[in-house]
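Next comes just one chain, in C-alpha cells: the form predicted on its own.
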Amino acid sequence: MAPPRTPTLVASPSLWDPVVRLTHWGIAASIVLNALLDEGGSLFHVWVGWTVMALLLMRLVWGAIGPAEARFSAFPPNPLAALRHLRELATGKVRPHPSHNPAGAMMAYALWATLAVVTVTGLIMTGGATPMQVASDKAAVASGDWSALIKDSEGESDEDRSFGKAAEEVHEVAANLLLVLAALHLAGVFLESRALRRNLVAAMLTGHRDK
C-alpha cells in the first residue's frame, strides 16, 4: 500500500512578471505626470519623454524574449476576436485569458503605437537632443522652442520648418489620443474586473491573480 501523499500548497499562477509591471506602471505614471503636472516644451517634459522611450523599448524587447504571458505571440492583434470579446463583455459573460484578452491586446498595441508616434515626433522636435543637452540651452528651456537645438534659424529651409511644424502638430494630436486611449483602457479594466469578479489592477501590482 502506497503511503498517503502529503498535500502541497500551490501558489497562485504568475501572470505579470516584474518587467511587464515596471513598464506598465512607469508608462502610466509618465502619462499622468504629463497630463496633470507638465507643460509641453519644458525640460521635465523632455525627461518624461526619454523615460517613456526607454520603457517602451524595454517592453517591446521583452515582448520578443520574455516569458510566455509577456510575449507578443500570447496576444496577437485580432480585431474580430476583440469585437467578439466586447460583445461577451457587454453580456457579462467573459472567460479568463492566460495573457491579455483580445480587446486588451488591441488596446495594448494601440497604446504602444501611439506612444511610438509621440516619442518619434518629440525627438524630431528636439533634434534628438538628450535632456542634458536641452538643459544646457537656457533659451530653449525658457521658451519651449526647440528649433535652436536642431539648427540655426537662418540655415533652416522652409521644408525643414514645415516638417518640424507637422511633427509638432502630430505630436499634439497623438498626445491627446493617448489620453483618450488611457481612459478607455481604464474603463475596460473596470468592466473586465466586474465580469470576471477578479481585481485586475491588483494582478498588475502583485504579478499574481486568484485562480
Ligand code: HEM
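Fair warning: this is a prediction, and the values are worked out from it, not measured in the lab. The first residue of the sequence shown is number 1, and the count goes up from there.
What comes next is about the form predicted together with this ligand, which does not appear here.
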(request) Flag this candidate site as yes only if Val94, Leu177 and Ala187 all have a heavy atom within 4.5 Å of this ligand in the predicted bound form; otherwise mark no. (result) no
(message) Between Ala74, Ala108, Leu89, Ala81, only one gets a heavy atom within 4.5 angstroms of this ligand in the predicted bound form; which residue is that?
(response) Ala108
(message) How about Val170 - does it come within 4.5 Å of this ligand in the predicted bound form, if we only consider non-hydrogen atoms?
(response) no
(request) Give a yes or no for Val61: in the predicted bound form, does one of its heavy atoms lie within 4.5 Å of a heavy atom belonging to this ligand? (result) no
(request) Tell me, yes or no, whether Leu191 is in contact with this ligand in the predicted bound form, where a contact means a heavy atom of each within 4.5 Å. (result) no
(message) So in the predicted bound form, is this ligand close enough to Leu57 to count as touching (4.5 Å, heavy atoms)?
(response) no
(message) Do any residues of 45-82 have a non-hydrogen atom within 4.5 angstroms of this ligand in the predicted bound form? If so, which ones, in sequence order?
(response) His45, Val46, Gly49, Trp50, Val52, Met53, Arg59, Phe75
